[in-house]
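Only one chain is given next, in structure tokens, and it is the form predicted on its own.
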Amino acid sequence: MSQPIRIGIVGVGKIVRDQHLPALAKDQDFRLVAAASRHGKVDGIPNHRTIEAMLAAEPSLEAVSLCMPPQFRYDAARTALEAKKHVFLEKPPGATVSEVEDLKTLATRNGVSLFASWHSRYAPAVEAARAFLTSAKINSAAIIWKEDVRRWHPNQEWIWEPGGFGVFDPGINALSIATYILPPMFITSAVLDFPENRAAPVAAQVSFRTSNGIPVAMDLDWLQTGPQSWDILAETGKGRMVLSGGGAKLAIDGTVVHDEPEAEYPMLYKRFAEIVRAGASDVDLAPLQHVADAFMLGKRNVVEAFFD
């Protein structure tokens, strides 16, 4: 059996504590040996201020997981790839499409793996939804992704800055599923609601058309309180499909056909180990490209100010 891959984590924030650390603690394919963060620490391992300091102090590191905000991810990823370390990119993989394309080239040049981790694709009912839609004639589809930013991103100012994505931070999760289970699609129009005091949108309405003419509507809202809505619906020749709970539950014409506990981050690290062992990369940019297209085509609509 192969030895565990020695991995370091960069950016010790909420997503690391909630998801990465628990997943790595149970994963026999990895051994977490170091962390780097300006503000957080991980107990029981060496902690460093920067990725450069971590790589210098831990030459045996084989891989790094990059979990800082996307605006700062490119330089860290380039540093790791040039040091010939395998790189796991938390979603979204970068602030722009072109910088992630450059990282793909750099990973190939240095003979290491690069992984753009779309965690929602690994939700338990996503594969079943993909199989159902592959077997059915799709007439239309809709994405309804509404959540409470104050609950999931409390006091996180970076998400409101340019490159922070705003409501597309959760919305890209929906797009990562939609681009996997639906035919190829492209944006035809969009309206983005920007709070008057913020540089990123708080809501968006986006229209798509697939390559074979199927309409897909997306409704994103970051101000929903109470129950949260993470649903993808499709009207098909075999019934109405509802993929809910962010990909956790699948129902056809009201009958639940798939419902399992969420295990997205353990599955992400399983996939990362697979590509590292295989000497391959897995970098699908379709979700990020759709976000870029929405900003390019979208009409800017100014709404009331947002305060945490």
Ligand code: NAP
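Just count from 1 along the sequence shown to find any residue number. Since we're looking at a predicted model, the values are computed, not measured.
One more form of this protein should be noted, the form predicted together with the named molecule, which is absent from this view; the next part is about it.
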Practice problem: Assess the spot marked by 6, 34 and 86: is the named molecule within 4.5 Å of a heavy atom from every one of these residues in the model of the complex? | Solution: no
Quiz item: Looking at 67-75, 183-191, 125-133, 210-218, which lies within 4.5 angstroms of the named molecule in the model of the complex, counting heavy atoms?
Solution: 67-75
Self-check item: Contact label in the model of the complex: residue 26 to the named molecule, heavy atom within 4.5 Å
Solution: no
Practice problem: Tell me, yes or no, whether residue 245 is in contact with the named molecule in the model of the complex, where a contact means a heavy atom of each within 4.5 Å. | Solution: no
Quiz item: Is there a non-hydrogen atom of residue 121 within 4.5 angstroms of a non-hydrogen atom of the named molecule in the model of the complex?
Solution: no
Exercise. Determine whether any heavy atom of residue 171 comes within 4.5 Å of a heavy atom of the named molecule in the model of the complex, and answer yes or no.
Key: no
Quiz item: Which residue among 266, 46, 239, 40 has a heavy atom within 4.5 angstroms of the named molecule in the model of the complex?
Solution: 40
Quiz prompt | Partner-contacting position among 96, 224, 156, 205 - heavy atom within 4.5 Å of the named molecule in the model of the complex | solution = 156
Quiz item: Within 272-292, which residues come within 4.5 Å of the named molecule in the model of the complex, counting heavy atoms only?
Solution: none
